[in-house]
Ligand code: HEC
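Shown here is one chain on its own, the form predicted on its own, set out as structure tokens.
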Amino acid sequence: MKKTRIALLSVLLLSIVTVVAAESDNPHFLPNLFPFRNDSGILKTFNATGTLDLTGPFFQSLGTNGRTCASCHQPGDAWSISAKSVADRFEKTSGLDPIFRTNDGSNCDHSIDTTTVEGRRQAYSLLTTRGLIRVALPVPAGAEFDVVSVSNPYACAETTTISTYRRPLPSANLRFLSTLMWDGRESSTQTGTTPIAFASNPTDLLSDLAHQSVDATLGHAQATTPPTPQQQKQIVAFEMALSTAQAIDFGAGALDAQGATGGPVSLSNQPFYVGINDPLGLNPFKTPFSPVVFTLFPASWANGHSANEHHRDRASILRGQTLFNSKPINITGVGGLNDATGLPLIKGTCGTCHDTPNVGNHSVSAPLNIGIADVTNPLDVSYLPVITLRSKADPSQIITTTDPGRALITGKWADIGKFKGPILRGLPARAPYFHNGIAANLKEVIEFYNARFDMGFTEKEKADLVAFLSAL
């Protein structure tokens, strides 16, 4: 019965998408709250300015290789990309879509053959299977470490410029950001950009986004000239107006019904300031931290409904939200947290690191090393390079990692393997997960945390957490 109901709802929603698209009078515009289907339900984007204009510089080719911002920031993929949608693009275009370019879309930019479909399939395999873009970063001058060796299965094994492989972050929900990019490089003094702070926000964020639009155009789009100040302003304004989130769950129905506040409209009104609900005392108003980070789904949302009216699915999502807010975690060995506080053991919850209310990222700049880039990761990292680093201060200290992370920006030994925590809204539309795509689905995300922090999740708890994360 449940599978039949989900199938019927899926067909109905797909029909709605088709009708809306057919009734759109102008293909250069998209109606506000246009529905995009994914495996869990329907994602929608609320645009604060109304109808979504597809003609602005965000959607224009400003470089030389045919790419636009939307090449890697698709509205149906929560303004990122999913590996599935990229693979579909490859098949539809035989690997000739502008996202497939050797400057950073291929596993390496030398020792490859892109003259045939099969050659392109191999060259862009990380993009089509993991949604990864190659980010080549120079080792900072004066770094506290030497690069001893790089073992890269795709070539690109240089030791002065490191090829890293990372997921494009969403270009929506940006007002909640406390740093730009996984390694914070667009919000760092080392790159001439501005760290985001309470006193200077949102001026700092807008400045960093403008800088990022220039870097993306010159780099990803291979432009010969940067976008004009007016184009930068238009790109930033477009991005800042977007709030995206899952709006409908195939099992639970509307995520903003019966008192629930899921979906993008409520998210667009979510209060935020840099430092809100910070667990380490960085809240500028000194308001105590609350581990109850997500309050989207009240008990009343799951009560009073028969089994045929979403009760079981809503109850699972509600249990998952409770687990996120309350499941104890013994936090140990996290660079940027345990060492920064001097506490070898921190009794925490998911909200300790995902503290922004109803959003789930860091409310302050807080790059952390939870082991995602480790070669000993419980998930598969065999497709990633192995980079060996040695401390200059103590040559007996050697670290092997799949990505040095923040250290490639600051040059600091302590920053190896550190990355920011991303915004959690719109998760079901943009698999796979983590900066390197190691988790193919949300269950693997839970499995990572279960193994990393020995959390002892039952199978039911895992399923409930997946249901909750799928409703974000």
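In this text, residue numbers run from 1 along the sequence as written. Quick caveat: nothing in here was measured; it's all calculated off a predicted structure.
The following text describes the form predicted together with this ligand, which does not appear among the structures shown.
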| item | value |
| --- | --- |
| Residue among 379, 126, 293, 209 with a heavy atom within 4.5 Å of this ligand in the predicted complex | 209 |
| Residue (of 139, 83, 169, 302) lying close to this ligand in the predicted complex, criterion heavy atoms within 4.5 Å | 169 |
| Output flag, 74, 265 and 318 jointly within 4.5 Å of this ligand in the predicted complex, heavy atom basis | no |
| One stretch from 111-119, 382-390, 150-158, 351-359 that, in the predicted complex, holds residues within 4.5 Å of this ligand by heavy atom | 351-359 |
| Residue 130 within 4.5 Å of this ligand in the predicted complex, heavy atoms | no |
| Close approach of residue 427 to this ligand in the predicted complex, 4.5 Å, heavy atom | yes |
| Touches this ligand in the predicted complex: residue 67 (any heavy atom, 4.5 Å) | yes |
| Interface membership of residue 469, this ligand in the predicted complex, 4.5 Å heavy atom rule | yes |
| Neighbours of this ligand in the predicted complex among 439-455 [non-hydrogen atom within 4.5 angstroms] | 442, 445, 446, 449, 453, 455 |
